[in-house]
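The chain below stands alone, shown as structure tokens; this is the form predicted alone.
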């Protein structure tokens, strides 16, 4: 059985307006009677809203309890179909469904349920607040789920770390005709270069210095081209190894337009060696070298006192063949950009900057990694965009009604000490950065 698209509901964004129900009723019954809608919003603003909708379950109880065989799972589309010719109107399916996803339609006298509108549900675009979303990441599983995992099992990452997820997805997508460079950092620390004479990957991998990753990888790519063999030259580096000690090598390779793909896993610090600050560490963050409390000379210390270096925008100014930002919370967006970066690296330098929260260094529970990554985007603390010299810079997931930055900051212990003035500074910087990137996008699209 494969994976399928689904409709997700964000109760925090719902205000109970009913536009989704009107759209559904119109599409399915030709009326605006929301009582006949196959999606129902229940609850109120004080206690919160809930969604009554068919989840197209993998093990559907409505199918199990139907005595007439009128309901059945379509394993091509994932939709649970209803056959009116078999239905005996016993309504047992309405009892079996835990989500109130199938109910009696008074207009027809039969049960009715969501059929996903042939893959384009009318309710989703009708929602003015983004509370409904068509999740289509199933295509990733269906497309690459059976491809070979080119990392060995059992890598030694911290519990809850999604860098391993990123490594596995990336190498699976890039494929076996690849040479991988992993400079000092979390990626080789997890075991990408292996132990005791064995590698952690099923492709050639080497462990350069922090200072020369891009230069060594460019040389290897050139040698393969010299002998007539086409390979993907891929680097997976941390933000410290790219924005700080590795920047001269990275900048030089970009300036020469070397045919390599350089991926930065940005966990905003030197996490593998003790959680020290990097130039990509944001303002106010606690690290082991930007502590909170009494600093040197008896002066109070309140985290990092400088704003983060915006490395992706610096790479845009190199006029690379492709530059993009991505997040592990939005895998479909990441996959689209990874595909474009792979193709761009065959023409010149491609740079992919992936924001990846660190459970240990950022001080949050291990099961909250994706939520922290999502909040970064929803507050515009992290912006997702892509650039190439022909089309300029474009947002790929614009957030027009962002949450206040406090929604992101309060999810992590590294910002727990912030004063109101520091929070105000961070919020101001978010607004400033968004305006700057928007200006770049408008200028290049004009």
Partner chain sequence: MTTAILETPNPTKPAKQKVVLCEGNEAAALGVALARPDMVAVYPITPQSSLVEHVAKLIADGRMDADIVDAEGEHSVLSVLQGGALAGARTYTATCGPGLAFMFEPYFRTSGMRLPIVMSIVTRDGITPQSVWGGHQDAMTVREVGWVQVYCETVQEVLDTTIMAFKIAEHHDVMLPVNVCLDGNYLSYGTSRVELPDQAEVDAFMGVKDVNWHVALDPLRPMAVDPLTGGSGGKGPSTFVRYRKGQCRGMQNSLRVIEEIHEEWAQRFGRRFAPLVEEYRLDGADYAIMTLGSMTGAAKDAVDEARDAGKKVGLIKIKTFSPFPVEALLKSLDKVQALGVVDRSVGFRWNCGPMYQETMGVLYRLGRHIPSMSFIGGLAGADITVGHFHRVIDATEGLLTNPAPIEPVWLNEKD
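Quick caveat, the model's predicted, so the values are computed rather than measured. Numbering follows the first chain given and starts at 1.
Beyond what is shown, the protein has a form predicted together with the partner chain; the following relates to that form.
Peer 1: What is the one choice in 273, 223, 136, 288 with a heavy atom within 4.5 Å of the partner chain in the predicted complex?
Peer 2: So the residue touching the partner chain in the predicted complex, by this definition, is 223.
Peer 1: Which listed residue (121, 101, 284, 208) meets the criterion of a heavy atom within 4.5 Å of the partner chain in the predicted complex?
Peer 2: Checking each option against the partner chain in the predicted complex, the one that comes within 4.5 Å is 208.
Peer 1: If contact means a heavy atom within 4.5 Å, which one of 105-113, 173-181, 89-97, 76-84 is the stretch that engages the partner chain in the predicted complex?
Peer 2: Flagged stretch: 173-181.
Peer 1: Can you tell me if residue 197 lies within 4.5 angstroms of the partner chain in the predicted complex, counting non-hydrogen atoms only?
Peer 2: Contact with the partner chain, yes.
Peer 1: Would residue 129 sit within 4.5 Å of the partner chain in the predicted complex, counting heavy atoms only?
Peer 2: Residue 129: no, not in contact with the partner chain in the predicted complex.
Peer 1: Examine residue 356 and determine whether its closest non-hydrogen atom to the partner chain in the predicted complex is within 4.5 angstroms.
Peer 2: No, residue 356 stays farther than 4.5 Å from the partner chain in the predicted complex.
Peer 1: Whether residue 204 contacts the partner chain in the predicted complex should be assessed with a 4.5 Å heavy atom distance threshold; does it?
Peer 2: Judged by the heavy-atom cut-off of 4.5 Å, residue 204 is in contact with the partner chain in the predicted complex.
Peer 1: Would you mind checking 78-117 for residues with a heavy atom within 4.5 Å of the partner chain in the predicted complex?
Peer 2: The stretch 78-117, when checked against the partner chain in the predicted complex, contributes no residue at the 4.5 Å heavy-atom cut-off.
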